[in-house]
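Listed next as structure tokens is one chain, alone, in the form predicted alone.
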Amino acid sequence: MPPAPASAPARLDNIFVSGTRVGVLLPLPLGSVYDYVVPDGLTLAAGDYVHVPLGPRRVAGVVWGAGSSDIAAEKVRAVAARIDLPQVPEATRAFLSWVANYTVSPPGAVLRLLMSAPAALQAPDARPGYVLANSDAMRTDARKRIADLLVDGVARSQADIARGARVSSGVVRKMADDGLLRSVPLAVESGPADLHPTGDVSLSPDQAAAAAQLRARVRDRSFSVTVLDGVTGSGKTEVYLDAVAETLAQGRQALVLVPEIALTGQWLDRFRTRFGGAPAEWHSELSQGRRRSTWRAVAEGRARVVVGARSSLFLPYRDLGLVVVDEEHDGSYKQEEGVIYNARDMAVALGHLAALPVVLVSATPSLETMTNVESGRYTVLHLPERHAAAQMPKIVAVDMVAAPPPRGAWLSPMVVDAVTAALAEGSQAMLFLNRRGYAPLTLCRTCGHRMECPNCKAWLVEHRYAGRLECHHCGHRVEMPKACPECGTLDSLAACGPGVERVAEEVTRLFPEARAAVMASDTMTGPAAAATLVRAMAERKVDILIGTQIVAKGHHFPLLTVVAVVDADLGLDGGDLRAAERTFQLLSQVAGRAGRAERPGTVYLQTYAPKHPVMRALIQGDRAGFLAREAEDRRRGGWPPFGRLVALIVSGTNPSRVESYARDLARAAPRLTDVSVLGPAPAPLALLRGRHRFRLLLRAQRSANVQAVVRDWIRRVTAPSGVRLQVDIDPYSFL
């Protein structure tokens, strides 16, 4: 390693020549950059990806700017090499720094969100792959699944095809032998399909007016936040796809965030019809090969449109021109581990820093979003009517006290009659229960023992289809025991309460001739499986769909006329300040699946509290009144969005150390007039994944700089070995 010169050469416009010190940020939980010197024969710029030595290892990082002159020359090692990739744009670097500051996270941990596909930093190899050559002779379901997977024109390896379509490698080879698949080198044809927007889209006058305004915002190339507020079935997707088309016309990239990637099957079909190809996808179900090729395509600007989950916000876009957040109210946008952030809010920050328009889309916008509309920070576009001749469904409360279901059943007579009538007229029905598995609790009839997770303070959920008990927090699984593990009594374990599997069992008993299917996140093995079931529903191969919240949004089933919510009260309790709002949003989305075409729809809410404000607002269609009451309640209490919250979660395997550190934090809590601290107290889930947990909650006025307060606070107390502190700015979960 050559020694650093006594005085570093001059640099111009973030260009660093040999002998210059540079600060390199590494994708590690580090709080600052590391200094390196640019070796002879190399010139670097801010945003360059580089390999640098770190101890005995060689790691990848990003040149963040000039290095420090405070480090002794003999301690500064040289950059090993520049990686042949486009630079991280200045706006992206500013965004990553902003996220680190806002979430009180180490900058290196945020950079790791960007560098989430390490293999993409290596030049692609020339592995063999396959594309679809002929889709007209798919005789088996396995071959049809392969054709569905490859319809986007993206070349995939044999292993990736077999995994994505859930077939054996032999099926892939046989299709290639039969000429249905064409072999190509992946390095040549691994990019996304070309997109060619079509102009033959029929929009209503309301849709056309909204689309025109979104197109104008894209052409302005400046920051704006627009709320596309439309009832379910009003055609919001077609409107914002018009903005995507304008972004492509401007030669820029577009990002569409979705809360559940499994919900995108019908969305992708509409996109292909509109643009003649598929967008790049980004989610946890991608194979490593797809992640590598997609990441590089985004960085190189070849991926023109990306649709993905919250992590797709941190891809290395070369020239991003639009961000759309679909179902902006959805809680799935909140990342609860590692760097804790809300992707909706981070999308707005990215739009501000990169000077681009952001579109927030929902039929039930969050109170935070509507408060920003009322204050003038966001503008709103309304789509008040469903597309074409469809009408909003009628919503009926089923009083479960006055008209309970038979003993041992979960569906009221009114719901059973409605489903019977729907099937008789050739329509479809959907039963919604936001609870996976067969039963949420299993207990012993003899001694009362409850089956609990050994790693979490939570009940084990019975999954009867799989013959096991499972923890939905840590994934712990055990086979269903034949005897009570506490008292040893045989056949004494009883299922308590319903899950979707138990409702499906009742449906089979009540409607033996009907074709029923269950759709839940644990029964869907990925986007392809979800798309298959959605297609079966759309093609009338399913009569009754039973599902969790995965069925509640995004799907269009023209023959679905009856929707019944098995337990409409689920979610109203628990002390969550957003419980009423979340329940209203979820049930509104569920109700929105009914009557989306010519046939009118009816929604039945099975409830023990038909006079609850949420139920009354749903039945009366009074969203504005509901939000006004919610806003007033929170304003009086100083709760978000009219106040600030920060949660500090202390966890570790040693409960005494965890509690001691939490109490030390409480003693060092800030003493400020606009800030108060509650706790510490054991978290509602006091044991999670084997770690004991305590929580503290900081409440502050809206004007308080809570990040500065929290940084100063936690800096004054050192965590003992084995104890971890997580900071959650603007918490959504209070577990």
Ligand code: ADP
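We number the residues from 1 along the sequence you see. As the structure is a prediction and not an experimental result, all values here were calculated from the model.
The same protein also exists as the form predicted together with adenosine-5'-diphosphate; that form is not shown, yet it is the one meant from here on.
Not displayed here, adenosine-5'-diphosphate is kept clear of residue 535 by more than 4.5 Å at the level of heavy atoms in the predicted complex. When contacts are judged by a 4.5 Å heavy atom cut-off, residue 237 counts as touching adenosine-5'-diphosphate in the predicted complex. Contact annotation: residue 203 falls within 4.5 Å of adenosine-5'-diphosphate in the predicted complex, judged by heavy atom distances. In the predicted complex, at least one heavy atom of residue 233 sits within 4.5 Å of a heavy atom of adenosine-5'-diphosphate. When you look in the predicted complex, the only residue of 270, 77, 394, 174 with a non-hydrogen atom within 4.5 Å of adenosine-5'-diphosphate is 270. Exactly one listed residue, out of 596, 344, 290, 296, brings a non-hydrogen atom to within 4.5 Å of adenosine-5'-diphosphate in the predicted complex: 596.
Between 95-103, 109-117, 421-429, 225-233, the stretch whose residues reach within 4.5 angstroms of adenosine-5'-diphosphate in the predicted complex through a non-hydrogen atom is 225-233.
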